[in-house]
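Listed next as structure tokens is one chain, alone, in the form predicted alone.
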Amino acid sequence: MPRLDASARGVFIIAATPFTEDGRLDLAATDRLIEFYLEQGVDGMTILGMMGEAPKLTEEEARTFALHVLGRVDARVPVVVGVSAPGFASMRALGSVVMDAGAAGLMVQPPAVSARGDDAVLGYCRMVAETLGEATPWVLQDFPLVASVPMSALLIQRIVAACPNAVMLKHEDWPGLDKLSAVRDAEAEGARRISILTGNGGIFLPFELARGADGAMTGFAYPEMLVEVCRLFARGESEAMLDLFDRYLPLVRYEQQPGLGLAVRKYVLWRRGALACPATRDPAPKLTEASRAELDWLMRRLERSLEHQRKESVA
């Protein structure tokens, strides 16, 4: 599998991590989930991200899960592995193992301890680049609403200039459209170009694409919508893109509830048959009966809307 580079585009789905009802890692269910994602036409996959519950896994579980996924995907699409860790030794150890096993690249979110000004964040990223090695491409995750590490467009430009092996930005600031434009404007003036894939459940995806994003790196439970939105945008069909996006927007919005979003996502994936069990690993909020009923309602409405659209296209 070729390694990740700045030309990467499309939808790199953020994969959930399947657990059994009693909280054990479920590798059999992982196979089922991977095939579901691939059937929806994703261009790549990202594992062990925040929504993959990476901080709740032991180092051994993270390694086991990553190697299992890489073996199952078998180079059908590129796989990015999150290696964010409190220390560089753990980052280096996991990164080395998964790159040797065929990962396309690694993803790192600078920790809050580095958020003592731009120079501290830049210094941390230099150490990441050195730790991973110049031959290992990596993704800079920019998720300040969760990580509490603000990164301006100028700081991102400095990081990219200082770290040649940083080839992608996972842009997940909110609001962040003007920041995305500023990164692309800097590139037009001579800064090195990197791939930009966006997160936040896809809630701003049509506008992010218009501002210069290359696609999405997020985990919305209907990945086929993300794929088709990107395809329609690439074909210049902006109105059709927004019409499609609007059909899914109530679910996108519901999934974006802070704290509860992962439980929502896993429930929908379970309802769709992609997960054997919707369990999240503790500590985590649980869906109430009322929340599950609301999600069932939203899914039924979406299914009716899509069926109506299919009938109209045939007529």
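Predicted model, so just to flag it, every value in this text is computed and none were measured. All residue numbers refer to positions in the sequence shown, first residue = 1.
FYI, the form predicted in complex with another copy of the chain isn't displayed, but the following is about it.
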Problem set entry | Heavy atom contact within 4.5 Å of another copy of the chain in the model of the complex, the stretch among 59-67, 38-46, 270-278, 25-33 | 59-67
Problem set entry | Proximity of P150 to another copy of the chain in the model of the complex, heavy atoms at 4.5 Å | yes
Problem set entry | Contact test in the model of the complex: M127 vs another copy of the chain, heavy atoms, 4.5 Å | yes
Problem set entry | Partner contact for E134 in the model of the complex: another copy of the chain, 4.5 angstroms, heavy atom | no
Exercise. Is R211 close enough to another copy of the chain in the model of the complex to count, meaning some heavy atom within 4.5 Å?
Worked result: yes
For this session: Would you mind picking the one in R193, R72, R231, R158 that has a heavy atom within 4.5 Å of another copy of the chain in the model of the complex?
Result: R158
Exercise. What is the one choice in V77, V227, A101, L177 with a heavy atom within 4.5 Å of another copy of the chain in the model of the complex?
Worked result: L177
Exercise. Across 238-255, which residues bring a heavy atom to within 4.5 Å of another copy of the chain in the model of the complex?
Worked result: S238, E239, M241, L242, D243, F245, D246, L249, P250, R253, Y254
